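In structure tokens, one chain follows: the form predicted on its own.
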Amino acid sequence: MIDINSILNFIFDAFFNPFDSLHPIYGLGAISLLTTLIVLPVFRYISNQEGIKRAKDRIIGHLLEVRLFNDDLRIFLLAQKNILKYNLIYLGYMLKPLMIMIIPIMIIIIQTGARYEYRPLHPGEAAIVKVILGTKGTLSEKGSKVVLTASKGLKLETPSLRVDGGREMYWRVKAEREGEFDLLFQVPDGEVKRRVVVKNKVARLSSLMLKGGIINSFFHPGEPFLPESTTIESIEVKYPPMKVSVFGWNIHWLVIFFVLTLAFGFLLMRPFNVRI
């Protein structure tokens, strides 16, 4: 999965790089259009287009029955029954293509979220860094010792704050200039580096750095993984959330992605000869 993530990161980095200095709406618009151009042809060829057309025609026909014969209880109830029946048939036709397309759509959403869920720090901003160590039952006093040092470009503003019996540790780190810098965590079983991104552009990053695994690899492609042997379970840099301003409204990137994808889908359905 890690190798697959490396390939996916390379592909999506190449796609998003032309938009990293622009307003986020441009990158989101581009990935929404690409998603539509992938989904429509796939949906066209793996779905039963004739079956979908027949089911929709039957639904419309029975809806007209309800309007025309609403004073005849028998016909009205029979039409309602048939509307439900052909709605279920229609959903059945939609299920197969949706099940096939869910994986590529999830990959696109996760890779897009790695760039638009959070934004990098700006020079002069500070962020909280959180480290979670092993479980209380297996954590020795020696194993809980963590020393943090920051590379030039970052400044540690506070000493470590320990909570939850020493299992959680917090620091505040200030960005002094643009660039990509390292936080070095020294623990008894080795050293762990964590990247911190400081720039005024869109960048691929992840708030969390975790140990490997299929689920973590899939949902957190923005950072490399912690060594399995380390005492550290996770390192979190609390990046600011990305704010995408549209006509003065701050809208979450996922809402914009779905709205634009649906809009492109309706615009391109006829040219691709797709029935949904």
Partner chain sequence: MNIKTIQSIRLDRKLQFLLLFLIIYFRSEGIAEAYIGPGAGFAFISSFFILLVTFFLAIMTILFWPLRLIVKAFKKKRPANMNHGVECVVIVGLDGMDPDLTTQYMEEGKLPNLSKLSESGTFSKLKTTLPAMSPVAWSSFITGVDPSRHNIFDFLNRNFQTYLPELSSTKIERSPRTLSMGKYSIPIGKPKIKLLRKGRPFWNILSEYGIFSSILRVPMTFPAEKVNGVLLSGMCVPDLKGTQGTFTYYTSNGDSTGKRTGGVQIPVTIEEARIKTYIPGPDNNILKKGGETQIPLEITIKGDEEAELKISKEKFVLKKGLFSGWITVTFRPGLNIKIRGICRFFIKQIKPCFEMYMTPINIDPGKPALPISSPISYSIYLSKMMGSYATLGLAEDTWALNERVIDEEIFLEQAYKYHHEREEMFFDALDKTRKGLCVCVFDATDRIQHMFMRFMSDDHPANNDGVDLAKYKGVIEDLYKRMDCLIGKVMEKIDDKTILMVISDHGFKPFKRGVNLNTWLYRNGYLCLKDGSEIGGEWFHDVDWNKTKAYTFGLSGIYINEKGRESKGIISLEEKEELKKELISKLQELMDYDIGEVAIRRVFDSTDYFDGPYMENGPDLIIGYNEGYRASWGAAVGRVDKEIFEDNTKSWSGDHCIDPQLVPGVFFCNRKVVSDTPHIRDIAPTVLELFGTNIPPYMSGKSLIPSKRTEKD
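Since the model is a prediction, treat every value here as computed from it, not as a measurement. We call the rigid core the largest set of C-alpha positions that still match within 1.5 Å between the two forms. Positions refer to the first chain, counted from 1.
The same protein also has a form predicted together with the partner chain, omitted here; what follows describes it.
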Considering 161, 184, 156, 109, which brings a non-hydrogen atom within 4.5 Å of the partner chain in the predicted complex? 109
Heavy atom within 4.5 Å of the partner chain in the predicted complex - residue from 196, 150, 83, 146: 83
Report whether all of 12, 45 and 209 sit within 4.5 Å of the partner chain in the predicted complex, measuring from non-hydrogen atoms. no
Looking at heavy atoms inside 4.5 Å, which stretch does the partner chain contact in the predicted complex, given the options 213-221, 243-251, 229-237, 22-30? 213-221
Does the 4.5 Å heavy atom contact test between residue 170 and the partner chain in the predicted complex come out positive? no
Would you classify residue 132 as touching the partner chain in the predicted complex, given a 4.5 Å non-hydrogen atom cut-off? no
Does at least one non-hydrogen atom of residue 51 fall within 4.5 angstroms of the partner chain in the predicted complex? no
Taking the partner chain as it sits in the predicted complex, is residue 4 near enough to touch it, meaning that at least one heavy atom pair lies within 4.5 angstroms? no
Of the residues spanning 44-83, the ones with some heavy atom within 4.5 Å of the partner chain in the predicted complex are 57, 58, 59, 60, 61, 62, 63, 64, 65, 66, 68, 69, 70, 71, 72, 73, 74, 75, 76, 80, 83
Core superposed first: is there a CA shift of 2 Å or greater at residue 244 between this form and the one not shown? no
Any chance the CA of residue 56 moves 2 angstroms or more between this form and the one not shown, core superposed? yes
Does superposing the core leave residue 92 with a CA shift of 2 Å or more between this form and the one not shown? yes
